[in-house]
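Both blocks below hold the same protein chain, though in two forms, and each is given as structure tokens: structure 1 and structure 2.
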Structure 1
Amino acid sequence: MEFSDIVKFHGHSCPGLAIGYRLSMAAMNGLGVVRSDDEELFAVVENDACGVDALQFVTGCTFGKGNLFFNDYGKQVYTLFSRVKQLGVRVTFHGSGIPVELREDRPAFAERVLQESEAAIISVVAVPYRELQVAKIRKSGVCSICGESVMETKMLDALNGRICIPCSEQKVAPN
């Protein structure tokens, strides 16, 4: 898998995408796995930046399949698990091999991330396997205010029927 493929998917090259690519490849290599066709792998990401697109492309873990989980910690850290192997690995971008002054030159920083040895920029640590929920198909209902289809588990009871969260935030009186 080439970085240029991920750039096409994401839309541009940037340091975050390069970091995500390197972290994702390190995680895949650390587990000795290939891209997930379905839910053989699942990932926990600790930021919502450009690099998560690289993780989705490399690993096959996506929000839509329910095998990508987001913790809003602002860290360049991914944890990847293999259901088949019952193994997990946590990869962290520490970037110590990249001079601080280079970080201001975004194209040069991205290129250095792609060229640097893994040990100089990433730590890879095995973590205990823990099962996260597999995707569940849930029934939908219709919001009695906006008329939009809503996953039933996300609907709220109100005086005027079952409603979606956005409509509940419009000061609709709950039951």
Structure 2
Amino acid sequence: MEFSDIVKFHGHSCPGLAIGYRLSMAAMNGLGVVRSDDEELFAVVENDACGVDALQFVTGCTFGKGNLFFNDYGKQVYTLFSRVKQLGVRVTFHGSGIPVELREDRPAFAERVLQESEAAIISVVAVPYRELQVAKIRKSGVCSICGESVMETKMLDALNGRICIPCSEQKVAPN
């Protein structure tokens, strides 16, 4: 897994992506696991910044697979769990080995994050395993108003039948 592959996915290089890459590799090594093809691994991330794209790419815990859980805490912390090994590890970026003044120079900071020893920038702590919900495939129904297909668990009962949330809010183009 090369950082350049992750840059290609994210679209550009930045310190946050480099931090996410190092955190994700540290978590994988900490658990002694390989990338998650399905839901063998799941991750809880405490921010939704650039680094999470590295986590998605490195660990296979992705938004679309249902094994990426988001706690909006604004912290550079990921907790990665292995369903197979029933283990968890919490990785945090402290960056103490990198001079504060270097952080102003984003390319230099990113490069240093990639080169620095793990112990100098990251803490890795084992945490008790706990299960989180596995993604489910749901049946679909058809909205009585817009006629579009809708996951049954997201349909609402209305006078004119079962409808989707945006139609219930009378939005033509949802969002």
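Take the two forms, superpose them, and find the largest set of C-alpha atoms that agree within 1.5 Å; that set is the rigid core. Only a predicted model underlies this, so the values are computations on that prediction, with no experimental measurement involved. Just so we're on the same page, residue numbers count up from 1 along structure 1's sequence.
Chemist: When you get a sec, tell me if the form predicted alone is 1 or 2.
Modeler: Structure 1.
Chemist: Would you tell me if residue 164 moves between structure 1 and structure 2 by 2 Å or more at its C-alpha, with the rigid core held superposed?
Modeler: Yes, residue 164 moves 2 Å or more.
Chemist: By the 2 angstroms cut-off, has the C-alpha of residue 141 moved between structure 1 and structure 2 once the rigid core is superposed?
Modeler: True for residue 141: a C-alpha shift of 2 Å or more.
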